[in-house]
Ligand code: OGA
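Only one chain is shown below, in structure tokens, and it's the form predicted on its own.
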Amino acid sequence: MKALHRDFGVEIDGIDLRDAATHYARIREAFEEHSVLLFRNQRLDDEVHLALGRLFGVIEIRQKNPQEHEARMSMVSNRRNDGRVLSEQDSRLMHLKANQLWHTDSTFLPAPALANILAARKLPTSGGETEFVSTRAAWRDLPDVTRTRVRNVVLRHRYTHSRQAVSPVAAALDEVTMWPETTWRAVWPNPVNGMEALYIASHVCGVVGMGEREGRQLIDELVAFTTEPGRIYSHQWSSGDVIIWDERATMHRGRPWPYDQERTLASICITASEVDGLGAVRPVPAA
């Protein structure tokens, strides 16, 4: 294994993810320890990609009644059905641009994501990197007084909040407005190794029990600290790259690219469960 950053992330050689079941114990151990895993020169079709996801748990279906739907690939792409690319004014591209905010996936869902498995399909000639930071390392490095202040904080998450930051058009999409506000504790301890991580995202719209101004100031302070330049690993995609990351212990963002070129990444999220420590970030109901 080769380190991607001094704080987190490794590149793993010698594993063909088409045979991931054979190597899953090793993959999962590295996932819990290093948070971001890079595999190069992979050949994942949709079926293999989904099978890999199922090793981690239940694949996320973003529908109100997921039992009525089948898990399938999600394409993070500016490609239209007719093969052309979206215009820069299109609401779908605005929606994609919101992914350029530092975020953690699916914190607005009733059960958020444990992991994302992202694979390069079609790449632009420049730009389009995906950047990561370790919220575990950030939590470790925060001043003691800040950790004490934040440890029992509960954060409010709303999908429309992150989309509104980019475009009201993106915030008005049905797939965005269908999700009500959720609340999660600001610290997620890993149930395997006990390591704690700050659990925050661009979807965070406030702090339970704090005024809007005070809450916004705290959120901005935490995000700024976590995403300092020296904390970032920036991944320049190559054909065949697959990245698996721990949503409990990282934030990520996409970067701009020439929007007249296609950029398509195949993505699935895996839903966190109780065995992944979900109960530790679920707020205790008020008495």
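In case it trips you up, residue 1 is the first one in the sequence shown, and so on. What you are looking at is a predicted structure, and each value in this text was computed from that prediction instead of being measured.
Note that the form predicted together with N-oxalylglycine isn't included here; everything after this is about it.
The closest non-hydrogen atom of Phe56 lies beyond 4.5 Å of N-oxalylglycine in the predicted complex.
With a 4.5 Å cutoff on heavy atoms, Glu129 counts as touching N-oxalylglycine in the predicted complex. Put simply, Asn99 is close to N-oxalylglycine in the predicted complex: some heavy atom of it is within 4.5 Å. Among heavy atoms of Ile12, none comes within 4.5 Å of N-oxalylglycine in the predicted complex. A single residue from the set Val192, Leu173, Val76, Met210 has any heavy atom within 4.5 angstroms of N-oxalylglycine in the predicted complex; that residue is Val76. Contact annotation: of the candidates His161, Arg121, His103, Arg185, the single residue with a non-hydrogen atom within 4.5 angstroms of N-oxalylglycine in the predicted complex is His103. Listed stretches are 27 to 35, 248 to 256, 219 to 227, 41 to 49; the contact stretch with N-oxalylglycine in the predicted complex is 248 to 256, by a heavy atom cutoff of 4.5 Å. Contacts between stretch 265 to 284 and N-oxalylglycine, counted in the predicted complex as any heavy atom lying within 4.5 Å, involve Leu265, Ser267, listed in sequence order.
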